[in-house]
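Next comes just one chain, in structure tokens: the form predicted on its own.
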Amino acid sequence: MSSNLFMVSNALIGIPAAAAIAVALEPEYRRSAIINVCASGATFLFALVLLIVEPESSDYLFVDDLNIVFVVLSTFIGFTTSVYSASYIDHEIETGRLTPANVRFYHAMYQSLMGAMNLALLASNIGLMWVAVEVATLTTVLMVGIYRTPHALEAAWKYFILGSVGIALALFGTILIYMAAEPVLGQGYDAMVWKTLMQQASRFDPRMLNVAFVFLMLGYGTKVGLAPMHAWLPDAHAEGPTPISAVLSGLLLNVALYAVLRFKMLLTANAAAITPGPLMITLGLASLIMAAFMLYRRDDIKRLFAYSSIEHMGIIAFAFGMGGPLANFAGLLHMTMHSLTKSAIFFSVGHIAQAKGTQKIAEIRGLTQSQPALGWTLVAGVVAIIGLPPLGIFMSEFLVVSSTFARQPLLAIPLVFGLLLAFGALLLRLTGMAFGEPSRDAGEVKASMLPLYAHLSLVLLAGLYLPSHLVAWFQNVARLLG
């Protein structure tokens, strides 16, 4: 392994690990928030180095254009969320919902989550990747239940149970991959290394690969939030701290998606194995249409956007299931735009809930008058997430629909139906919350708006202009995905 990769990868995993210990020992919660922000910012800067340094793989670390996309996106949103989190948590302390001890634990778990996600994205060993995803899941379970209310504990327990079922299925699928590789590569470490697996995948037993992918798709698909394994996600969003909602939608779902894409590449390399696309398309469409209908029945603002996350992960799974250069490019772009937009929406929603003293949609009215900054940023976020031009999600959804019409016109019918259904639901909810006679505020909120503005600005810029080097990068990743 090159010294450059060794230094960068150690920083991406080591900085969060060291910061987790530091904030756990820091008695003053404001200083722990500063450490959290600084550590997240430093991790993001090291992630940017991967765009410059020529990466080389090893037995323990695997770096290519695909996971660089995920690492850079994850560390950026991890950093902006830590900045937002500082003002959000400060309000929770002042209102007595959290104690300083709770906040130290929260910041320690936040950094543990960042380190675990980076390890999952960089791990060369499929077993190590599974362990890292499990650690990331457990840290978010603990943060979802941090308020210690009956509803929060119930949501955390539900997340733990369903997440454990999913991760158990993923473990079984991982074992089956090893069993398929073992007759060709022999017993031991080589049969679990991505680079070796990809080189020899054409020689593996296709029947074993087929069964393995079904378990892996269902297992990691639970973490992605795909229907029918999605039930943990709305509760986790509604009952946990809002920064964790931003991290779940913007980061953790993507990490599980990354695992699915890696195994999809493995199956694609074996001509005798099943095509993974139909299963991904089916789960993607089911998630999109189910979530679109459910949007009409939500009365909690965080649950509303949790179902929106399920909808968009369905679109992304559908795009990658379609495959091919254009659909894969659209899937990557949509994943990036969704992560930026949905985390920005949750930034706004978190402070709105604090200002109004409620998450009930019926009690949130006239935001553009009572809380203009938060109200109009929520409007901008919803306009972006429903795919109106000239914002980035319009571009990615247009490419998904175009590629579907070109290759499988009949599949475009349920796809467009789901998009229009979700469009109507979110627009309907937005009208009541943003306009009309304002509801009473519960108190003054000092909101950190810079992360929100940064995300929405990037989404707008992506809709207007994509730099040529970014297009070339995504095109190369799309070719890797097959």
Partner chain sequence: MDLLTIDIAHVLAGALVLTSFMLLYQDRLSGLINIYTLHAVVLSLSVAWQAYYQDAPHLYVTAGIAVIFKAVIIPFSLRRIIERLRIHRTVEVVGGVGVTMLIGIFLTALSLVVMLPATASADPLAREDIAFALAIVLLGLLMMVTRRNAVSQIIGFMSLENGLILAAAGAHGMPLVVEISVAFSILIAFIVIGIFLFRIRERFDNVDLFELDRVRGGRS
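Residue numbers count along the first chain shown, from 1. These figures come from a predicted structure and were not determined experimentally.
There is another form of the same protein, the form predicted together with its partner chain; it is not shown, and what comes next is about it.
Student: Taking Val141, His151 and Glu154 as the candidate spot, are all three within 4.5 angstroms of its partner chain in the predicted bound form by heavy atoms?
Tutor: Yes: each residue has a heavy atom within 4.5 Å of the partner.
Student: In terms of non-hydrogen atoms within 4.5 angstroms, which of the given stretches 186 to 194, 324 to 332, 114 to 122, 392 to 400 touches its partner chain in the predicted bound form?
Tutor: One stretch meets the cut-off, namely 186 to 194.
Student: Of Met290, Met208, Ala406, Ala412, which one comes within 4.5 Å of its partner chain in the predicted bound form, counting heavy atoms only?
Tutor: If I apply the 4.5 Å criterion carefully, the residue I get is Met208.
Student: Of these, Phe263, Phe76, Phe215, Tyr88, which has a heavy atom no more than 4.5 Å from its partner chain in the predicted bound form?
Tutor: Exactly one listed residue reaches within 4.5 Å, namely Phe215.
Student: Residue-level question: is Ser164 within 4.5 Å of its partner chain in the predicted bound form, judged on heavy atoms?
Tutor: So Ser164 counts as contacting its partner chain.
Student: Can any non-hydrogen atom of Glu311 be found within 4.5 angstroms of its partner chain in the predicted bound form?
Tutor: Heavy-atom contact with its partner chain at 4.5 Å: absent for Glu311.
Student: Does Lys302 reach its partner chain in the predicted bound form, with heavy atoms at most 4.5 Å apart?
Tutor: No.
Student: Although the partner isn't part of this model, could you tell me whether Tyr258 comes within 4.5 Å of its partner chain in the predicted bound form, counting any heavy atom of the residue?
Tutor: No, Tyr258 is distant from the partner.
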